[in-house]
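Coming up is one lone chain in structure tokens, specifically the form predicted alone.
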């Protein structure tokens, strides 16, 4: 059985004090005791084996061994720009994108968006991402960007090898086929609009920017399902030369 994983953003060899949330996790759900071994990660690819020296519901101290750098496991770097779904489904979006190896989520505010992200809600997204990293063994945290409007997202698209928008249109090319034609693309951006669909002006702006529409399935997907489906396809197909 693998060692329990805890998050410590300032990882360094020697004696470290974990934050209160990680201490509660260690003492509570993990039921760890002094002398137990664990793995600490900092979310930037660094991991280390550690031994608990002291642990209570409010405090955990560990001795950290040699730090090792864990390469990113995903074969492509994927950013998903998404109009957030309702709050009840946001945790699923963040959790599953983290498990699949998505590099970043860019929340978008669009005309038909159903949720507004507050600073508190964004912090929850980050906590969900940390919890998912613990569970799935990922050493690199999902990067949660501040919300942006469509114009800002489109302006950033030039920095990607490939930029796509999920589309339910029958004429949109299937994502898997499109990836075969763009097999060398390593840095990918995918836009996922709200469940009410993109407004006509938004569709026009996306089209004029050169972002290509892609179809995921024959069915209409919820926002979080579309993001997860796109991530699964894109990150399961290595780019040419990988």
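Residue numbers count along the first chain shown, from 1. Note that the structure is predicted; figures quoted are calculated from it, not measured.
We do not show the form predicted together with another copy of the chain, though everything after this point is about it.
- The chain is drawn here without another copy of the chain; in the model of the complex, the stretch among 90-98, 77-85, 114-122, 150-158 whose residues come within 4.5 Å of it by any heavy atom is 90-98.
- A heavy atom within 4.5 Å of another copy of the chain in the model of the complex is found for one listed residue only; from 176, 182, 201, 37, this is 176.
- Though the partner is left out of this view, residue 56 does not reach within 4.5 Å of another copy of the chain in the model of the complex, counting heavy atoms only.
- At least one heavy atom of residue 222 is located within 4.5 Å of another copy of the chain in the model of the complex.
- Another copy of the chain in the model of the complex comes within 4.5 Å of no heavy atom belonging to residue 26.
- Taking non-hydrogen atoms only, residue 136 approaches another copy of the chain to within 4.5 angstroms in the model of the complex.
- Contacts to another copy of the chain in the model of the complex (heavy atom within 4.5 Å) from stretch 150-171: none.
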